[in-house]
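Quick setup: one chain, the form predicted alone, written in structure tokens, and binding and motion questions come after.
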């Protein structure tokens, strides 16, 4: 069993995530749900994102509508450009996303924006057939991934948002005014987006309904090399990929023209520093600059932040310099002037975007944290950062006798409002330790015979399995000191 399958099995068995409506045979693919442990790790991941990125520079956060009018997506270009190539089997009528099919069947990297003619040529060149029935494919077509909805008795046309950022763009003018904004201004949003993927699969990695955490930085295009706080990150190391990994500081990347300006360098550095704190191995990450064929239609400069997993390199964050594409398009379509005053001049801001796929990040963190301890009975351990662990600590009475349970209940009552605690009194103490370690719990407090004598408990450490004794009255301060250590 490879690591991907181990994570899926762990997620299903321990309530991290699972398929939606799995009781029913007609449940659609591409919809997954977070269980109790998954919700906790997701919320803690997002709080880390807010801590390290949003609050660092006093960014603003909004919560926009998931359904937006047709005009929004006409202006944004999604109705005409948000497409993937699809081929259909003439024999069994199964549909496949063409670029992914070619990548898997012919082991070729295919740009997402390759024209239909190029797709057809590759399918013909490599003699590709339907993987289900070996039938021939019809010519490639473009499939728009927008989910269309109807509003009200008149069936007004609207769409589920394919990305969270459009509400940021259409709300920008109001937010700038009411917040007394000044460029550069970061606006963030967390929420669900919806894409009608042709062939969703691989759990959280390709979904039709998914979480995004997006940051849009509105900036003055004439001030891109006057980035506040740039000196704080100019020596941060970034790992760029172009045939091979090249490690450069932000300033070196700018000097070598790999990065265009300080603003892009600053936010890429913050992104890398953030992921250093998630438990993802930084030596298995890279920033890959996209070619013109790979870039999204709205992007002029694009980097993908990618992570190495057991099933290949996975894009976690799309980093796009969108120039004035969005504000200009919405200004034209809505006939509204979206220029703002920056110091003494009017400017239509440009935008740099960090669009993060939350679900993929959760999977990657779990995979990079997963460890099988061969020296200790093959115990499975999620070595999560304590502040990301779904359960911070376990409280375990050694025996089910009333005196042990009373002490354990007293300890639980003292700490459960401040931390996520799991109380467990069933099974051997060794088995209880294993259950906690498997979901990433960093500490376990055992109420034993000595507790009855001196009000101390055994604290067991997940990674080392070492044990110490501390006073029950010190447990809360112990957790505060150890859970909230954000040093990477």
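Under this definition, the rigid core comprises the largest set of C-alpha atoms superposing within 1.5 Å between the forms. Residue numbers count along the first chain shown, from 1. It should be emphasised that the depicted structure is a prediction, and the values quoted were computed from it without experimental measurement.
The next section is about a form of this same protein that is not shown, the form predicted in complex with a further copy of the same chain.
- The contact with a further copy of the same chain in the model of the complex, taken as any heavy atom within 4.5 Å, belongs to 171 out of 276, 304, 324, 171.
- Taking a 4.5 Å heavy atom cutoff to a further copy of the same chain in the model of the complex, the contact residue among 407, 295, 208, 379 is 208.
- Between 257-265, 370-378, 325-333, 312-320, the stretch whose residues reach within 4.5 angstroms of a further copy of the same chain in the model of the complex through a non-hydrogen atom is 325-333.
- Although the partner is absent from this view, residue 424 contacts a further copy of the same chain in the model of the complex, with a non-hydrogen atom inside 4.5 angstroms.
- Of the heavy atoms in residue 472, none are within 4.5 Å of a further copy of the same chain in the model of the complex.
- In the model of the complex, a further copy of the same chain lies farther than 4.5 Å from every heavy atom of residue 434.
- Shown alone here, residue 454 lies farther than 4.5 Å from a further copy of the same chain in the model of the complex, counting heavy atoms only.
- Of the residues in 283-311, none comes within 4.5 Å of a further copy of the same chain in the model of the complex through any heavy atom.
- In a rigid-core overlay of the protein, residue 89 has its C-alpha displaced by at least 2 Å between the shown form and the other one.
- Relative to the superposed core, residue 370 undergoes a Cα shift smaller than 2 Å between the shown form and the other one.
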